[in-house]
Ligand SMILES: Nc1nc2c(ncn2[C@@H]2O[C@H](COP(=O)(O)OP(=O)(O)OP(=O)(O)O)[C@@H](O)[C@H]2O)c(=O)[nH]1
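One chain follows as structure tokens, the form predicted alone.
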């Protein structure tokens, strides 16, 4: 996971604070070293790392805790605030209005897929988007964008026979008058190549976009600084989208690149699915890393798929076996279960007690679970504790499933309910700190 080492370092530092009766220079230096080591291992620039930890130590030494906070809580809040500031500060609201958007980035950064994700985002907000295919270098780039457009019901304009992207842009812009949001894909490039830089400058002059978006892969590493500076000097980056945030990439290079451009990360790609695009919020991102959870994003995702009540019951731990199935089914449409559970306070710790396959229930297994539940009585669905011995055999006969599969479903349900009841919605402050004994 991106910046996973930082998350581990922060939680370790909090535990160290919990074990001390006071906060002194030694513990602050120790905490700073943990943070420095984690960020450097995550490909964050050395200079930025030391600037960040200096700010944390200076504030911790010189600021008095606000009324109602202990010194330990104040130090944790300082770490939180400085990390949020480092990642761009408080998120700005994304304006839902007509716009021209030009996407640019290196080879393999995921621009074309991101075009489709952005188009779906704006379409869901009630606008009429269209896509322009100006990647004339990569084979099948036009075809890929067309497939994405068909998948989400958005028109794609381009000319696969034309190799000059500038001519393509001039030609197709005449056809886009009735669309609210025009999203243009461009060729992947080495930002240091003069010819490719000239091309993106020309596309920018033709399109005259309100948004010039740099798409960066989370696995870019230390090269992010140099590349982002080149794009910034060429066209002026207005925002950043980071892709592949769901993988094992370290991610520090891509995140810290924003410090060089002065542009904020607006979206992150969290998977290959067309729905796997999240508005980036540094506060929420750091909350997840530290363990505060992110119930706000969870509820937003639930609203998008009409699953608000599902999200509420998941957090409360109050659900029947029938609702348990519905929860899994609806949550899968909100993204991978492993991503969703990271938004629930405390789950990263408690979730380890769940079965290893709990987060990745295959479609075939979901079908079997549906057959099993349909073969139960209403009383059994409401009170699964009744299901033992002869009832399991009867349900197995009625569903065509093995008794072991029924026991697996019941085990998952009971363990899930137990875990959810152990968790309470967290927030910054005492309820979170109690998890660490503070």
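Positions refer to the first chain, counted from 1. Computed from a predicted model, the values in this text were never measured in an experiment.
Below, we refer to the form predicted together with the ligand, which is not included among the displayed structures.
Scanning 236, 108, 153, 98 against the ligand in the predicted bound form with a 4.5 Å heavy atom cut-off leaves one residue, 108. Of the residues 269, 158, 149, 88, just one reaches the ligand in the predicted bound form with a heavy atom at 4.5 Å or closer; this is 269. Not one of 365, 394 and 399 places a heavy atom within 4.5 Å of the ligand in the predicted bound form. Heavy atoms within 4.5 Å of the ligand in the predicted bound form are found in exactly one of 228 to 236, 77 to 85, 200 to 208, 137 to 145, that being 137 to 145. Residue contact check for residue 117: one or more of its heavy atoms lie within 4.5 Å of the ligand in the predicted bound form. Remark: residue 246 counts among the residues lining the ligand in the predicted bound form, judged by a heavy atom distance of 4.5 Å or less.
The ligand is not shown here, and in the predicted bound form it never comes within 4.5 Å of any heavy atom of residue 261. Of the heavy atoms in residue 287, none are within 4.5 Å of the ligand in the predicted bound form.
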